[in-house]
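Form predicted alone, single chain, as structure tokens, below.
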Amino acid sequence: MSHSLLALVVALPLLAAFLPPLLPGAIRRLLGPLALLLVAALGVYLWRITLIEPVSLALGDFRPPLGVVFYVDSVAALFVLAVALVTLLLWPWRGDTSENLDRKQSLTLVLAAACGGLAVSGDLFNVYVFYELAAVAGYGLAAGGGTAAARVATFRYLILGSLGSLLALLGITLIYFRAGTLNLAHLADLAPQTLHDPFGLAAFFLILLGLGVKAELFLVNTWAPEIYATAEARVSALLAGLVSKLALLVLARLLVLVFPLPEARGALLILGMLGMLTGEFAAFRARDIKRMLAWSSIGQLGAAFIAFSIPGSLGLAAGLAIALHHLLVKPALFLLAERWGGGLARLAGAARRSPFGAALFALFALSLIGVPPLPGFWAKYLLLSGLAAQPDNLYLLAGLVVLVTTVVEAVYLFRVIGMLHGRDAAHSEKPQNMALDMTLPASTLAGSGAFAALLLAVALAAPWLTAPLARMALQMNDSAAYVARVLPATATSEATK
């Protein structure tokens, strides 16, 4: 396969997003899923070849570090595949009107294109472009719920997201002012002389806070409970499952290539711990299932930040395991919460009406808690092992935070499971509960069931996935190989003249 086909990761979803108005109805409805299937096939192929050697593409034949560069290692290829598959599983097949459905499908494809672009971008300028594209698509999808609460929550999300974009842009500007380039490979080569100082760290912290809005980072994550509680379940699943992971991937890439500094890792560690504590304890206090899932998502992404703060490939392996596990579990839980939304008291006896849905919720909850042999157990095991191997007492404190918040997580998730299997709402003393229909629709069960099948497949294949995960982490941690692949030695010397 020609490396020029890498551009299809972004081009195919964008074309499918804007071509439908020119096509007949039947073809228009199938164009988006077909484009995503092609991207998924491309992701599988890329993952297989990049396990051996990464590939890069300079668009327009501009010699690096000039122009647009796409870089795909095994981690980027896996996220390209994940973007396509998760978007397919959450595809909007139905809408209120034909026009509304077309809008949702186009915005979903734009979001998929932006996420794919974030996975493969090799320079900060295009990272910012795709980040903004994902933000705009996310605003449109979040406001599509049609309720006043959804529009108000989206407006708040827009304000905070715009502030995050401004902070990220300011950080990128500072990096360009000091280094004269935004190419990640070139920055990796120049950073020890130009950016490993308080000025460079200030730029990193600005980007961390800016991109952290989408990654649900502590301090800039207050939008998440409001959006996830008011948006359609499919939209909440996309934002929590996909967008947050791609923002996290960009930050991890920046940490490895440009800012492999103790101060930068310390910032991720502290903010990750605060995210876990605030998220899990807020989820424990929540009495609305969507808000509970939103706060728990913040806590679980805090664990990913803690993992990526661990030096070396051990931290990257733990961070990838946590992020990929969260990508499978959290979208499925938001789908289940679509009909079960509202106060937790409404869930009484819901397992009798939807036993398969209750079983799925229990499966995902057990994996989040870390019950073996489910994938969540292996992700937390890697995290705790990495933390225990560090000599710094702050990492040991982080391990204690992980253990404490796991207990809190188990309490509120088992509380929900108990409510699902508790006394039937039809026999409750409260007559207003008698009219509630807690039966989950077939489409919801099918979507969550597909995520459950993937989760169980990963659990069964866990012994064989350890080596590929370790190889992916080693490859991602090899900044010298990244520079050598993207930026020939002659290009570096000429660009710095």
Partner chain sequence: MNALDILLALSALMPPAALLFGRWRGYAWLAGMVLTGQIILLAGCDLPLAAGMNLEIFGRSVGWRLDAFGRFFALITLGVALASTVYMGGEWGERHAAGGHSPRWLHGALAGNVLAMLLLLSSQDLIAFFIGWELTSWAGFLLMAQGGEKALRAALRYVPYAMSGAMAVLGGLALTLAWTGTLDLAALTGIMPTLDNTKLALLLALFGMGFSIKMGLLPFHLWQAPAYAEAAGAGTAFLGAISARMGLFALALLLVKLMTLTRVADLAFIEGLFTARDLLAWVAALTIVLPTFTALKQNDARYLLAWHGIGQGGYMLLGIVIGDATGSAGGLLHVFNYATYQAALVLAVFAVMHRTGTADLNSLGGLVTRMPLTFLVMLLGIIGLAGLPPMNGFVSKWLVYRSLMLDGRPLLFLMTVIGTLGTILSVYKLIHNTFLGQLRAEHEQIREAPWSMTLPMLALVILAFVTGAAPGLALSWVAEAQAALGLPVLAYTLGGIESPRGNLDMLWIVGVLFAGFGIGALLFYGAGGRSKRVHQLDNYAGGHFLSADVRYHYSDHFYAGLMHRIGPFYRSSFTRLESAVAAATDLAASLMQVWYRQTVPALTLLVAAVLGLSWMIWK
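Bear in mind the structure is a predicted one, so any value in this text is a computation, not a measurement. Numbering follows the first chain given and starts at 1.
FYI, the form predicted in complex with its partner chain isn't displayed, but the following is about it.
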Touches its partner chain in the predicted bound form: residue 364 (any heavy atom, 4.5 Å): no
Could you confirm whether residue 222 comes within 4.5 Å of its partner chain in the predicted bound form, counting heavy atoms only? yes
Given that the partner is absent here, does residue 285 sit within 4.5 Å of its partner chain in the predicted bound form, heavy atoms only? yes
Determine whether any heavy atom of residue 371 comes within 4.5 Å of a heavy atom of its partner chain in the predicted bound form, and answer yes or no. yes
Going by heavy atom distances of 4.5 angstroms or less, which of 344, 136, 167, 101 would be at the interface with its partner chain in the predicted bound form? 167
Of 298, 252, 124, 242, the only residue with a heavy atom within 4.5 Å of its partner chain in the predicted bound form is 298
Which one of these stretches, 81-89, 102-110, 116-124, 290-298, sits within 4.5 Å of its partner chain in the predicted bound form when only heavy atoms are counted? 290-298
Does its partner chain come within 4.5 Å of a heavy atom in each of 72, 457 and 474 in the predicted bound form? no
Restricting to 153-168, the residues within 4.5 Å of its partner chain in the predicted bound form through any heavy atom are 156, 159, 160, 163, 164, 167
